[in-house]
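Consider the single chain below, provided in structure tokens and representing the form predicted on its own.
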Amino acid sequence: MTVIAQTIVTGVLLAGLYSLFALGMSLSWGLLRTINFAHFSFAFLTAYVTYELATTAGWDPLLTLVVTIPVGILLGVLLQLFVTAFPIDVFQTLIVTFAFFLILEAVMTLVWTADLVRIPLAANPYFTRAYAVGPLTVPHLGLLSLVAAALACGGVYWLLYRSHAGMGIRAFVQDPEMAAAFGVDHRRLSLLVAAVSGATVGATGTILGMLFVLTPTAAELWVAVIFAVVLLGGLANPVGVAGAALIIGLVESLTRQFADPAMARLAALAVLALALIFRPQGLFPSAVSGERE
């Protein structure tokens, strides 16, 4: 029973990282109609910022959040300004942001080379820190991911459903003409959504930098699982993103423990395929009405 319980705990903690990573893309796709492939490069660019500040400047890795979050916000806002400056439809945003993804990957390779790097343990004590809860072990960084995801998803839920700005955002997505007639400032609210999306990806980057070995091409490894969480969770639905991340995280954790670890990611994608066969709209509803584009 202890092995099963520990496996479930691991899956829940993994779900925290997945939901935090996927939340920004879900918001961009659902509310801004931008399929932001560059989201993955944004995350690893901020991960490298954490690495650089921790190793070169001697910063505490957690303290780098005061830099990575603003960097993420800046990247998100700049991308939104670029997308709205040209007549780009939803499918074209995928192509454009994929180009940005490749450009940023090349830039990271030029700056940090293709070598594998990570923050030394001496500069990153959080990596080995863990808490004992009875017979279970809870890694510090896993718990940090879970708390960050809960705060992010909870904050986005409040923004969308409990604030005047959220009412305006949802109104414009559902009926742009009517919302504009009532004075909803779509440009300002779009930049707000882009900033929130960027803030979540900046926080994700710091956690990635503390958890994993970094290489510019590492972002490619996350594409499938994050798209799975976004598609299953319902666009711009923070509760759905958390629920989908929990399903994917538990499937991966159980597969690693009781089957072949190499099959964990494949098992998660199999869940996506089966779910979309029976529920093409995803397991959770979109936060806004209308067809998924």
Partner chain sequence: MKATSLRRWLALFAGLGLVFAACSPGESGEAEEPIRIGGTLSLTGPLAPTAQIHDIVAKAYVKMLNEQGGLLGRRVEWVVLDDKSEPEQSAALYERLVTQENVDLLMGPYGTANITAAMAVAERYGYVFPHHTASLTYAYTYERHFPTWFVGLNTHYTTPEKIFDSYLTLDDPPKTVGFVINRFPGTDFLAHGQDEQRGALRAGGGAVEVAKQKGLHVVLDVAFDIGTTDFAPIASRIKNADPDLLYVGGLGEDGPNLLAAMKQQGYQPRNHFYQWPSPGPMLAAGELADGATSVTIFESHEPYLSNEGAQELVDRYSAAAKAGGLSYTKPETQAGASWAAWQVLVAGVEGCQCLDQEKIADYLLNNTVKTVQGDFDFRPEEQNYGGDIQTIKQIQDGEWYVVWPEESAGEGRKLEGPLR
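Positions refer to the first chain, counted from 1. Model, not experiment: these values are computed from the prediction.
Below, we refer to the form predicted in complex with the partner chain, which is not included among the displayed structures.
Checklist entry - Of 90, 78, 213, 133, which one comes within 4.5 Å of the partner chain in the model of the complex, counting heavy atoms only? => result None of the other options qualify; the answer is 213.
Item to check | Residue among 117, 74, 184, 165 with a heavy atom within 4.5 Å of the partner chain in the model of the complex | outcome: Spelling it out, the residue with a heavy atom inside the cut-off is 117.
Next on the checklist: residue 256 versus the partner chain, in the model of the complex: is there a non-hydrogen atom within 4.5 Å?
Outcome noted: Flag for residue 256 set to yes.
Item to check | residue 5 within 4.5 Å of the partner chain in the model of the complex, heavy atoms | outcome: Answer no; every heavy atom of residue 5 is more than 4.5 Å from the partner chain in the model of the complex.
Checklist entry - Is the gap between residue 175 and the partner chain in the model of the complex 4.5 Å or less for some heavy atom pair? => result No, residue 175 is distant from the partner.
Checklist entry - Does residue 222 reach the partner chain in the model of the complex, with heavy atoms at most 4.5 Å apart? => result Contact with the partner chain, yes.
Next on the checklist: Given the stretches 80-88, 148-156, 196-204, 213-221, which is the single one in contact with the partner chain in the model of the complex, using a heavy atom cutoff of 4.5 Å?
Outcome noted: In the other structure, the partner sits against 213-221.
Next on the checklist: For a quick check, can you give me the residues of 1-19 that have a heavy atom within 4.5 Å of the partner chain in the model of the complex?
Outcome noted: Heavy-atom contacts to the partner chain in the model of the complex: 3, 10, 14.
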